[in-house]
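As structure tokens, one chain now follows by itself in the form predicted on its own.
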């Protein structure tokens, strides 16, 4: 059943059906898998944070070095120092989880502020913000990260700070474009004419009702990018350093034994990276199609 409502001088159409009944099955599958990945990541982070692990990830067992999966109580086997692989995989989530949230927070907060100023205020705000975002986009991200590493040290927090800052232009551009589109619908001018406070227009009518899907999708894609960046740099030796576990340095350490037939020390973290990044991307893609109604157009 569909109903109609008039908001700020415009006629809007919406359906009484919940969004999951209007969504395509493939999008629901994407979102379901993505939510499963998010749940496992959060649960694993909590297990590692409260030390609820099957083994101590730093505990060495020299008698069980490079033990295969399902050896004794080691579900995924052990690495070249006899450390439990499953425990290190769980603790490895801490390498990107909070730093990734920091990068997402910086990108969404400052990107939203700049996007609102550029799209809603316009004029000099738009000109100055456009120059700033173009300036940030003009610097290669990898070069900036390497400069930060050279100036400070291989610290994942500094790296994610750079990732968050360099993602600000993308968020600002999306929010600005959405506001400019909404201005063509004249409801913002209608709100102003009706005397609606500016903060209500921006926070509720623009950001909450019209931009939340954009921000949610950017958050999911931002976490996937944070995981890829952290694991890649840790693999190259610029991110999290041994003995602290990271999926990236676990792949690097296990790659020395791959050609010897001992594939699990590198394959297990590599598959964790693959399926986790895939989950966040599919979650963002599915939410984008559902919230924006793209498959119904």
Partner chain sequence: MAKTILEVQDLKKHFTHRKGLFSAVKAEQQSIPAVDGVSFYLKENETVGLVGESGCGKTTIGRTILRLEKPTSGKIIFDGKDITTLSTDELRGLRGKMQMIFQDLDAALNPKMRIREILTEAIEVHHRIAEGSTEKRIAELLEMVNLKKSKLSNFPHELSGGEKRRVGIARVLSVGAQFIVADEPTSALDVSIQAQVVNLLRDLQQQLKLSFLFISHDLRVVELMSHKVAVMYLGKVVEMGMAERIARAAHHPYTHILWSSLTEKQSKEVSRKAVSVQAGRWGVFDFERPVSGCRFAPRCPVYEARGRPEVCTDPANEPELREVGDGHRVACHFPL
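Just so we're clear, the structure is a prediction, and the values are computed from it rather than from any experiment. Numbering follows the first chain given and starts at 1.
Separately, the form predicted together with its partner chain exists; it is not shown, and the next lines address it.
Asks: Should the three residues 142, 150 and 153 be counted as contacting its partner chain in the predicted complex, with contact defined as a heavy atom within 4.5 Å for each?
Replies: Zero of three within 4.5 Å in the predicted complex.
Asks: Given that the partner is absent here, does residue 191 sit within 4.5 Å of its partner chain in the predicted complex, heavy atoms only?
Replies: Taking the distances in the predicted complex, the answer for residue 191 is yes, it comes within 4.5 Å of its partner chain.
Asks: Does residue 124 make contact with its partner chain in the predicted complex, using a 4.5 Å heavy atom cut-off?
Replies: Yes, residue 124 sits close enough to its partner chain in the predicted complex that at least one of its heavy atoms falls within 4.5 Å.
Asks: Does residue 187 reach its partner chain in the predicted complex if we count a contact as any heavy atom within 4.5 Å?
Replies: Because a heavy atom of residue 187 falls inside 4.5 Å of its partner chain in the predicted complex, the answer is yes.
Asks: So in the predicted complex, does residue 109 come within 4.5 Å of its partner chain, heavy atom to heavy atom?
Replies: Result no; residue 109 lies far from its partner chain in the predicted complex.
Asks: Can you pick the one in 210, 166, 94, 173 that has a heavy atom within 4.5 Å of its partner chain in the predicted complex?
Replies: If I apply the 4.5 Å criterion carefully, the residue I get is 210.
Asks: Determine which one of 178-186, 96-104, 142-150, 67-75 lies within 4.5 Å of its partner chain in the predicted complex, judging by heavy atom distances; exactly one does.
Replies: Only one stretch passes the 4.5 Å heavy-atom test: 178-186.
Asks: Scan 195-229 and write down, in order along the chain, each residue with a heavy atom lying within 4.5 Å of its partner chain in the predicted complex.
Replies: Residues within 4.5 Å: 195, 196, 197, 198, 200, 204, 205, 209, 210.
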